[in-house]
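Consider the single chain below, provided in structure tokens and representing the form predicted alone.
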């Protein structure tokens, strides 16, 4: 099953979009939470309510040592939600991932900029891998290409890790990544809204309505 996430701390927007989209869960990071001025004690209950109590939520650790990250991960796992612990794919983060996986904690390796980072995180047991597509592009490299390389490595080495690309600036990047066959994706609210919109759609709908009402008035289809 494909997992579609929104990358946000805005529960109001999530509630709104969940009416139209099959949202699997939400992803957050320290920057998103800080910019919203909200901690997880506020965000997690709000998201859980917005998504009907069955959402998967990705929350990133903020401590700086592998041992401290493990303590944070245990605390997150003790909360009454389906939580995936996000860990940066640094040398310290990889050590933390190994410790967490030894305890059966579900982990996402984040801040992935290269295929080798993704490979090593998968080798350490990470359940999800989050390459930063647009951030890679902004550095002059091929973000979609990095995702493709990681996807190839996962298949060739029979890793169970799921690719969950993040950091998107436009819908074209999203569609390029989806065509690679990734198992999940997380996108900002504005990109999700853009994916449902096209300037030609509403005029077409308005024309349908006009043509229908000219002949049938306000009658429904079954009444015609």
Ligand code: G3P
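Here the structure is a predicted model, which is why all the values come from computation and not from measurement. Residue numbers count along the first chain shown, from 1.
The form predicted in complex with the ligand is left out here; the points below concern that form.
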{"property": "Any non-hydrogen atom of residue 119 within 4.5 angstroms of the ligand in the predicted bound form", "result": "no"}
{"property": "Heavy atom of residue 166 within 4.5 Å of the ligand in the predicted bound form", "result": "yes"}
{"property": "Contact of residue 135 with the ligand in the predicted bound form (heavy atom, 4.5 Å)", "result": "yes"}
{"property": "4.5 Å heavy atom contact, residue 32 to the ligand in the predicted bound form", "result": "yes"}
{"property": "Location of the ligand contact in the predicted bound form, chosen stretch of 40-48, 193-201, 167-175, 65-73 [non-hydrogen atom, 4.5 Å]", "result": "167-175"}
{"property": "Residues in 1-28 close to the ligand in the predicted bound form, defined by a heavy atom within 4.5 Å, in order", "result": "7"}
